Each structure stands twice: as C-alpha cells, then as structure tokens.
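Quick heads-up: it's one chain on its own, the form predicted alone, in structure tokens.
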Amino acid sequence: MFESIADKLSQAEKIVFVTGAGISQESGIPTFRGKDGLWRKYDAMQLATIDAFYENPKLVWEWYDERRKNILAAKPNAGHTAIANLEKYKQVRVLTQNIDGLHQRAGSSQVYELHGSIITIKCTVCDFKEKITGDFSELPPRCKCSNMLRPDVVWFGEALPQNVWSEAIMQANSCNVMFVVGTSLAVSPANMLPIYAKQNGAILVEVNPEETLMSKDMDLSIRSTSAKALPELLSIVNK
C-alpha cells in the first residue's frame, strides 16, 4: 500500500497521525453522524451543544453516560496498536478528534485530544476537573461548589482547548509525514492541520475507505481501514 512513499517513510524522523471517528468505529464505537446518529428518538448532533445541556442536562448526561460505558467496553484495534508500536522506531504524535482514550489504551504516549475526553468531567463554573472513576449517584452530577458538572468534551459551537490546539499546530508544523486516518476533516479548525504540515514540506497520506474532500490534496490516498492498512507501516519503517 505504501510502496510509492516507502523511502520517505523509512527516512522520516517524525510522523503525525490525525485521527477521527473512523478508527474508533473499527473498535465498535458508532459515529453519531449519519445513520448511526439517532439515540432513542433524538438527533445526537443536537445533543452535543451547550444549549441542549442547559435545556435538559439530565438527558444529555444520560446520553454521555451510555456512550462512556460503551467506550470503556470497547478495545483498541489493530490500527490503534500499529500507531502505538510505531513509537519504537519513530517520533510519533497523535492529534485525535476522538474522545474515547483508545489511543492511550493502545500504548500511544503522545496523544493530543482536540475535542476533550469523555472519561473526564469538569465544573460548569469553577476550575474543578477530574477523571470519572465510577457511576454517578445522580444525573446531572454536582460539583463540590454545588454547580453542575459536564463532560469534558468540546461541543458544537465551542472553541478547542487553546493549549491543546497550539501544541497540535506545533506538531503539524514539524512533522515529516502526516497520516489523516478515519476522518473527512470536515470540522474546523482541525481541517487546517494538513495545511500546516504541507507548509513544512511533509508528505500527506490519507487512510479512509471513502473519498473525502481532503483526498485531492493528499500525496497518497489509501482506500482501506486503519486496522488493515496501518500494520503494514511497521514493516516499512523497521527496515
């Protein structure tokens, strides 16, 4: 699959992966766009907003609580594992739009969560933030300051965490190869990351079963899943 850029891959010092819902879907985690996007009778995309949260916090929390339990039951797939194992040979950074923590569970040590984490909560008012360690006694859960807690995720209409985004730009600006895996990069500002990489002269590689708007800008587009395509990387970079 990677024959045309094998030399560039073997010579690369730093490889950045930009990952999206597609790689998580291969672990059995449904996306909430498209036909899998309905939860009960609600459009999940309409639940992932701050307005929906304040209008019906219990409903939004029920959705996220169910998603979190499904995510914790899922396991990293061969795509996640290949990315993690690549650290034995190269500098690897993962810039993920996913909130499930599967990259970390696979063993990746340098993961930047652009859209936050579903296994972390934060207060709507004060600076409290921590990982979820068990079930909640009530929904929505409350902070020690008595205000509502919310999932530590970026909802539609919210800005990315500035420190994470700044670091993501730095990583994109300094890589030799960027893989765009399982994402159409339809969401801004993540769709800027390949542009930053290209400005640095990086090779752009897309791994996605379907053509995307970004495909025309790639040096190589591989129509395959990450679980099938990415393990082949190890045999190339290990030469």
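Residue indices: 1-based, along the sequence shown. The structure presented is a predicted model; accordingly, all values stated were derived computationally and were not measured.
Below, we refer to the form predicted together with a small molecule, which is not included among the displayed structures.
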| property | result |
| --- | --- |
| Residue among A84, V111, A74, L160 with a heavy atom within 4.5 Å of the small molecule in the predicted bound form | L160 |
| Distance check, A21 to the small molecule in the predicted bound form, heavy atom within 4.5 Å | yes |
| Contact label in the predicted bound form: V187 to the small molecule, heavy atom within 4.5 Å | yes |
| Residue contact check: G182 to the small molecule in the predicted bound form, 4.5 Å heavy atom | yes |
| Close approach of V94 to the small molecule in the predicted bound form, 4.5 Å, heavy atom | no |
| 4.5 Å heavy atom contact with the small molecule in the predicted bound form for all of R40, W61 and L139 | no |
| Stretch from 141-149, 84-92, 97-105, 122-130 whose residues place a heavy atom within 4.5 Å of the small molecule in the predicted bound form | 97-105 |
| Cα-Cα shift for D51 and M45, closer or farther in the predicted bound form, minimum 3 Å | closer |
| Cα distance between A44 and M192, which in the predicted bound form differs by 3 Å or more from this form, closer or farther | closer |
